[in-house]
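First comes one chain, alone, set out as structure tokens in the form predicted alone.
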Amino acid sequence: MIAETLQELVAPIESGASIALPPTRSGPAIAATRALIETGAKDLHLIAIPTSGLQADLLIGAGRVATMESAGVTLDEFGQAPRFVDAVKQGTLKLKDTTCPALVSALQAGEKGIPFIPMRGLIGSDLLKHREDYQVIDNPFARSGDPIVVLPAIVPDFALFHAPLADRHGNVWIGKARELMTMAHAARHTLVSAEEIVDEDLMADPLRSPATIPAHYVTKIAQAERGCWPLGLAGCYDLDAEAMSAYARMARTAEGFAQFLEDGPEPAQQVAAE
């Protein structure tokens, strides 16, 4: 349950696996993502819940991703995700475009163990022309014609994210990032890096237990201080704007990205983050 290293944490992820990733605000496991790149696993299918940023861009830039399923991939105020944009333009990445409600609904279907889920709002959009797996059916409970879209359930092979706190029993406290709970429920395996791993049982704490993922849904945990950096983690540390600016600048080219991946940000920025 407790991995000694991040390399051990991500070792179960093999080529071709599907991985659910959280939005930037909810604990992307950046340190673990770097460890995943080092394993050489490729042809990954990334599923953003419902958007992604640096975490997806690192994997795409490293040539590890075959498919990106998302409602958006950006660096937020730092601009477009450069390696994602380049991969789409070059045609080296299969893009499964969708919407935030569609991704969350399909993940909830996976969480509930049902094969599909109906959803309003997609009829009339171009998404139905490009997503053959989204189908329109007649509402069987309507008295007259009432078309509705049905989405196949999303059941990722892995959920990979970073959390503020975990315990040695395997429970993970996520605070208000509730999408992480849904990811853990739906995924076949959940891999979590955490700022701190404590001996106490988080599920025994009446104040923390409502925001704690029970160990039953968690496959493996590893400690990683500042595991989201250069992104921030609510209640722990802020986003490192200088390091993110450096990434946005360097990753515009494949050569600059490779340098960032190998060396990290410039020394002054690295010191500032420690």
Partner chain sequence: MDYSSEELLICVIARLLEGVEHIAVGVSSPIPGSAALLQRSLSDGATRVTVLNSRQLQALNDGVTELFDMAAQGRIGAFFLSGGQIDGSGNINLVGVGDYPQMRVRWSGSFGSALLYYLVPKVILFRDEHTRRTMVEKVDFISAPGTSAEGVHRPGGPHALVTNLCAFSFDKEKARFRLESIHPGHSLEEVRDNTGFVFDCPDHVPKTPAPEPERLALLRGPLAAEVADPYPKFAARVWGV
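Positions refer to the first chain, counted from 1. Keep in mind that what you see is a predicted model, and the values were worked out from it rather than measured.
One more form of this protein, predicted in complex with the partner chain, exists but is not displayed; see below.
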**Request:** Report yes if any heavy atom of P164 sits within 4.5 Å of a heavy atom of the partner chain in the model of the complex; otherwise report no.
**Result:** no
**Prompt:** Contact between R25 and the partner chain in the model of the complex at 4.5 Å, heavy atoms?
**Reply:** yes
**4.5 Å heavy atom contact, T51 to the partner chain in the model of the complex** = yes
**Item:** Contact test in the model of the complex: S125 vs the partner chain, heavy atoms, 4.5 Å
**Value:** yes
**Prompt:** Among R188, K112, R178, R168, which has any heavy atom within 4.5 Å of the partner chain in the model of the complex?
**Reply:** R178
**Complete:** The listed residue (I117, V104, V155, I197) that reaches within 4.5 Å of the partner chain in the model of the complex by any heavy atom is V104
**Message:** Using a 4.5 Å heavy atom cutoff, which residues in 82-114 contact the partner chain in the model of the complex? It's fine if the answer is none.
**Reply:** F84, V85, V88, K89, Q90, G91, L95, D97, T98, T99, C100, P101, V104, Q108
